[in-house]
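Quick heads-up: it's one chain on its own, the form predicted alone, in structure tokens.
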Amino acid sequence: MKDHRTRVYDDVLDMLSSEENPTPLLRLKAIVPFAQAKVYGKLEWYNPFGAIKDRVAANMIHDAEAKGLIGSGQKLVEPTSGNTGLGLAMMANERKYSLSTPLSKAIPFEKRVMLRFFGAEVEELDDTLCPAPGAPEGAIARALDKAAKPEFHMLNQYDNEANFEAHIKTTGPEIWRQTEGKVTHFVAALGTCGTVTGNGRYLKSKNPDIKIIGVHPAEGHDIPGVRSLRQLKQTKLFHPEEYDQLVEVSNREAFDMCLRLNREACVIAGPSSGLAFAGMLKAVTDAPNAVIVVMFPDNIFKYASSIEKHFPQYRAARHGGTPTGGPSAKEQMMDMLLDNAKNTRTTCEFGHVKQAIAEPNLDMVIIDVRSAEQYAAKHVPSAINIPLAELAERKDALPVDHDTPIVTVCNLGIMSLKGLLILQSLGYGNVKSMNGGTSAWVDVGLPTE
């Protein structure tokens, strides 16, 4: 039995959102500074497994089944920043598949715990919040390695057109019907870009004048599920030529707006919702007849650790130590130190390193802090290799002069920040970490050794 009117169902998958069973559109008033425009949040945590990615997970599985790519007893592998993995895990349970999810240790621990609780095999790696396609030690590379085995299949949300087609089939038609065709602006945060591309294509097919606005975080952010502009260029579903505007929002702006959504609008929206809403306010001006729809991908409850990090005044008292699975005091301190190290005084771009290498009398020391194997495979020219774990012990390989300019490099710009902190603790006062690491270096076509 499936009755959307009474909301009585025989199967959990009958609850998936559709034009006949849409997630709610909520008009936001208290937090909106407009006198004429109407602004709505689309509340995607009303999907059966709690996020907008349920649509994508379901459509990718249905598409793969229809094409005969997967069947009974299938082993799935999928790199994830959390929500797609959670949706796939529950879909896999329903379909009697298994799921392996390589992911970043930077993903909020609540998501990592719940993925295991839902039955996924979770492998935690040093990667960015959204997996980086070119990272040899990252989640996408690990998933591709597994997918090469005959017993595994990778749906690949970063390259699978069934991702954005989910929104052409469901989300776009829902919005068009819910606004009675009056929507004038559609705003979404950018991650895999399935949401903005799919909804953009559907809505513009109904009315080419609808403005499609994509919101991305600044480089070095820690907002789960979204990508900076540099990271977006690695995503095959990113089609900026189809969008009317791209807007950048800082980490602080996104989390502050997340707090306001919860406090002032009484909407239990997560950090990427704060990002999208803050971007909307930057991009859209008040106008009569404007009807603005902002996507709110999921709720706040998966992000308690992120909230503690950005709003320490709300940190819960911990009796008898840190709860199992949560960040320890030591881990919280390290996170704080790494966050504080992400600034223009202690980091540099690859262009700075490229220019220094080109100088005939190079006095800069470039230290690659990855493993010897990763260094041997590919590294920035002139870089020497001192693995992070050996950095404090290999003083003989470090400059005698503690004022020597040093740049630390890794694959993504995460481990190199730790290297920077270690070198500073050893008394080196002129150290910088290269943002983006060798992945950014390779992305722009610079040579490696």
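This structure is a prediction, so every number in the text was calculated from the model and none was measured. Numbering starts at 1 and follows the sequence shown.
Just so it is clear, the following notes concern the form predicted in complex with a small molecule, a form of the same protein that is not shown.
Asks: Given that the small molecule is left out here, which of Tyr97, Trp176, Tyr375, Tyr303 has a heavy atom within 4.5 Å of it in the predicted complex?
Replies: By the 4.5 Å heavy-atom cutoff, the listed residue in contact is Tyr303.
Asks: With the small molecule left out of view, which of Pro102, Gly200, Pro217, Gly225 would have a heavy atom within 4.5 Å of it in the predicted complex?
Replies: Contact check passes for Gly225.
Asks: For Leu88, is any heavy atom within 4.5 Å of the small molecule in the predicted complex, or not?
Replies: Heavy-atom contact with the small molecule at 4.5 Å: absent for Leu88.
Asks: I'd like to know if Asp368 sits close to the small molecule in the predicted complex, meaning any non-hydrogen atom pair within 4.5 angstroms.
Replies: Although the small molecule is absent here, Asp368 would stay clear of it in the predicted complex, with no heavy atoms inside 4.5 Å.
Asks: Taking the shortest heavy atom distance, is Cys193 within 4.5 Å of the small molecule in the predicted complex?
Replies: Contact check for Cys193: yes, within 4.5 Å of the small molecule in the predicted complex.
Asks: Does Thr170 reach the small molecule in the predicted complex, with heavy atoms at most 4.5 Å apart?
Replies: Thr170: no, not in contact with the small molecule in the predicted complex.
Asks: Residues in which of 114-122, 293-301, 259-267, 146-154 have heavy atoms within 4.5 Å of the small molecule in the predicted complex?
Replies: Stretch with heavy atoms near the partner: 293-301.
Asks: Does the small molecule come within 4.5 Å of a heavy atom in each of Lys53, Asn83 and Ser272 in the predicted complex?
Replies: Verified in the predicted complex; spot residues all in contact, yes.
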